[in-house]
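Only one chain is included here, represented as structure tokens and corresponding to the form predicted alone.
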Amino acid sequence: MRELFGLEGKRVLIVGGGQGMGEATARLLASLGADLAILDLELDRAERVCAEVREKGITAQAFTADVTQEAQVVDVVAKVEREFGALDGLVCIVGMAGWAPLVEMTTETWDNDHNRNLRYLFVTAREVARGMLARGSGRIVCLASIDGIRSAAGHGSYGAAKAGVIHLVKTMAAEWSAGGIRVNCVAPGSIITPRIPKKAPEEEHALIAPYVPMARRGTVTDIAKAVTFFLSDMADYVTGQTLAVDGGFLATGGFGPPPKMAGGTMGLTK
């Protein structure tokens, strides 16, 4: 079965690999024989994931950087390729939303959301792609959100940044395909992550379930499976695409602005 994926011995850098979707992706890739560089803001998290996946017999190395700082991204990509080896794959997981109606949103919130969702991705992919282009092959997977496809009321800066991710993926695919690089995008819907309680409040589930045809929130493993598909040989003729992993939510047309709840909104993003 591993042969179908073609990931045995491939070297993959997971940016944001220390928890949540990144950790789940690391586990799945390791089970298919990929060697992993785990980059996280907190080195302890990256080292913990590395220790776990090494038990599957693969090579794993932890790295740390603040990816919102361009100089740190440039340095850490160079360090990864120097110490870990030439990269076959890149997965960019990092993302976070600021919440405010547009009329109350500050330019600081706007800039922060674009920096930590779109700008860092551009810088990271650019640095990694240079090596991939020189070698004539590579696979890049970026994380967007269904909020980059539908309206993102209450967190418009995040939605705009994720829409930018989706567009940037198309452009990277168009520019880099001739150099042997495939670039694709996964757009999660409502996913249970470490930032969202694993057991959602009953009222939150009641609000979400009627609008999701599969009647549940997604898991980090749901996202890891989609990422792995794009990295694998099974997607050899796929580039520039965005796959919504949302339980069918977008197929219903969505339900407009997210309702307010105690402690914030219902959390229909990563």
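The first residue of the sequence shown is number 1, and the count goes up from there. Predicted model only: the values in this text are computed from it and were never measured.
Missing here is the form predicted in complex with a small molecule; even so, the following discussion is about that form.
A.B. asks: Look at the candidate spot formed by 40, 158 and 190 and say whether the small molecule comes within 4.5 Å of a heavy atom in all three of them in the predicted complex.
C.D. replies: Verified in the predicted complex; spot residues all in contact, yes.
A.B. asks: Answer with yes or no whether residue 233 is in contact with the small molecule in the predicted complex, where contact means some heavy atom within 4.5 Å.
C.D. replies: So residue 233 does not count as contacting the small molecule.
A.B. asks: Verify the contact flag for residue 68: yes if a non-hydrogen atom of it lies within 4.5 Å of a non-hydrogen atom of the small molecule in the predicted complex, no if not.
C.D. replies: Flag for residue 68 set to yes.
A.B. asks: Counting only non-hydrogen atoms and a 4.5 angstroms cut-off, does residue 96 reach the small molecule in the predicted complex?
C.D. replies: Within the cut-off, so yes.
A.B. asks: Can you work out whether residue 124 and the small molecule are in contact in the predicted complex, taking contact to mean some heavy atom pair no more than 4.5 Å apart?
C.D. replies: No, residue 124 stays farther than 4.5 Å from the small molecule in the predicted complex.
A.B. asks: Have a look at 175-183, 105-113, 137-145, 82-90 and name the one stretch with heavy atoms inside 4.5 Å of the small molecule in the predicted complex.
C.D. replies: Among the listed stretches, the partner-contacting one is 137-145.
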